[in-house]
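Same chain, two forms, each on its own as structure tokens: structure 1, then structure 2.
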Structure 1
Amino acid sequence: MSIPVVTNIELSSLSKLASGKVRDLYNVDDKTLLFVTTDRISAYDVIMANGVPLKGAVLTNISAHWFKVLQERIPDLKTHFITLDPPAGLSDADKELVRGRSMQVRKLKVFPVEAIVRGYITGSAWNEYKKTGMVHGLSMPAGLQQCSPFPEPIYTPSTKAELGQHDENISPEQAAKIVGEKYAARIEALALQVYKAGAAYAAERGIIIADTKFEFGLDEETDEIVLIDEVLTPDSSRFWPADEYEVGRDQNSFDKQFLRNWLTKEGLKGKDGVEMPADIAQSTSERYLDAFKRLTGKSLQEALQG
């Protein structure tokens, strides 16, 4: 597939509002944004110097797929997704730049927390549990093993840091102080509901969603909580192959854990300006593409042509 690795995009026909670790946001009109997903990749809150082939297209199209699936499974769910079509006013040159990697979304007030849901104990949660028997300050049952499922999925929010800063794990009570008591319980309940629906769908396709993070916004006209940003992607989630799953050890994964493991092994965790070797970037791309095909039933090429 002849799509170049794109780590920086500048559109001439729209004004840029913000640039994040992976996405650039452009203003379309008073109610609409254009989300453009680059091939940038971050790990341990640091953006790598080079990108991952086809990553932006995978994240965009898998999110669009999930928005459709989740609304089918949770009929009253509201999302910010409008269309994968580029805005009418985009120049031909800009349309080519964003082809396959952009979506139009509703403009909403963003809640400044990451709504993390964990179904299995791994990563930072496992490290905390080994030391304290707790996760995000929440007491957990004794005797959990690495990568074992929690009795029920748990909500463990974090702060949503500015670019270059680190997200911090917080308790649901601290999250309520940030977003307001009025919305905190609704965000928690919705995050758990969306995770369970997504995990059930993925399980039917041989993938375990160990944990994920959601973002939510507020439709101030209707006072509704809305699912925004990317959803259940290999960037925002840990995906494990169900047929290889085994409690008590690290799991193979379809996400950027492969990159994290390489950084840790090479002593590069948290360091700026790291360039991935070509084989690490390519292997990460292949994992993302594999997850895409398993979850959507199509190759990325088929999805882009469709």
Structure 2
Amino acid sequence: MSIPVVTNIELSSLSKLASGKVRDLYNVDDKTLLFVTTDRISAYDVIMANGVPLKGAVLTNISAHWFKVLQERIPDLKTHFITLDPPAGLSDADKELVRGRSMQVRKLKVFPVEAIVRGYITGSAWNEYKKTGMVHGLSMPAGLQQCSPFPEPIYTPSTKAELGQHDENISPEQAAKIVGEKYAARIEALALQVYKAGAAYAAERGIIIADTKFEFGLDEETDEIVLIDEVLTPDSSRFWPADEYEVGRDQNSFDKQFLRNWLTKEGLKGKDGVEMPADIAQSTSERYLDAFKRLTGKSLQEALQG
């Protein structure tokens, strides 16, 4: 059974609560959401008109894999993951629409910060360091080269902007004001702990996780902080192929490089509603599938069969 490419999903047996750049959230019951990942792809902050085959299924199953691996390595970690099975009440037609790309998760109050952890200096952090010797206002050792590892991974939170707005870098102190002093230190420690465990696991499988963004929620009944959202996927992280890594230059992105190069070549960078040619969508899909296989040791097909 093949999984169709979809950029928009409308389920008839559940109500949609929210829709982000890539996911749609449906209400299952008071405590549960159906977290559905479409095949939408964004590059340079805009969403392409067409989708990437199997991307939603890859992202869903990578996150599910991480929830299992992280739980084993960090026994007291709480996550929002419930099951990859669809909810009992879902109609057959809706089951077909979400097959392979959905998980049930705990509905939680989301802390409005992006818990970003950086293991390597690149992107906006590299630009800031070149100018000021600092990253998010934190002093860094002199002599770091582009894409070299930090002596220790660092926590560089940002605000969580509404759809269409840009996230803003903030200091850990500002993040503490937003999430509350009571939770801030725990969120920072958890983000660093999960990144370190994940990066070590990925490194053994040929992938450098240069940096990543986590989101956390609050279980208001137990006052516990819970790891939510997608986790350590190529969309929420910078994945670099370890065998091509070289310090002192920009690295190729594991998954979006074909698309970025094509957009740049065509002068379409940042333009809305761009349709990718089929070969670009296909090679991008193959990179997502490759990331899945490297991380989990299984093909997506094998994972979907159980």
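What we label the rigid core is the largest C-alpha set whose atoms superpose within 1.5 Å from one form to the other. Along the sequence of structure 1, residues get numbers from 1 upward. The shown structure was predicted, so the numbers you read here are calculated from the model rather than taken from an experiment.
- Of the two forms shown, the one predicted together with adenosine-5'-triphosphate is structure 2, not structure 1.
- Superposition of the core reveals a Cα shift of 2 Å or more for residue 257 between structures 1 and 2.
- CA movement of residue 43 between structures 1 and 2 equals 2.7 Å, with the two forms superposed on the rigid core.
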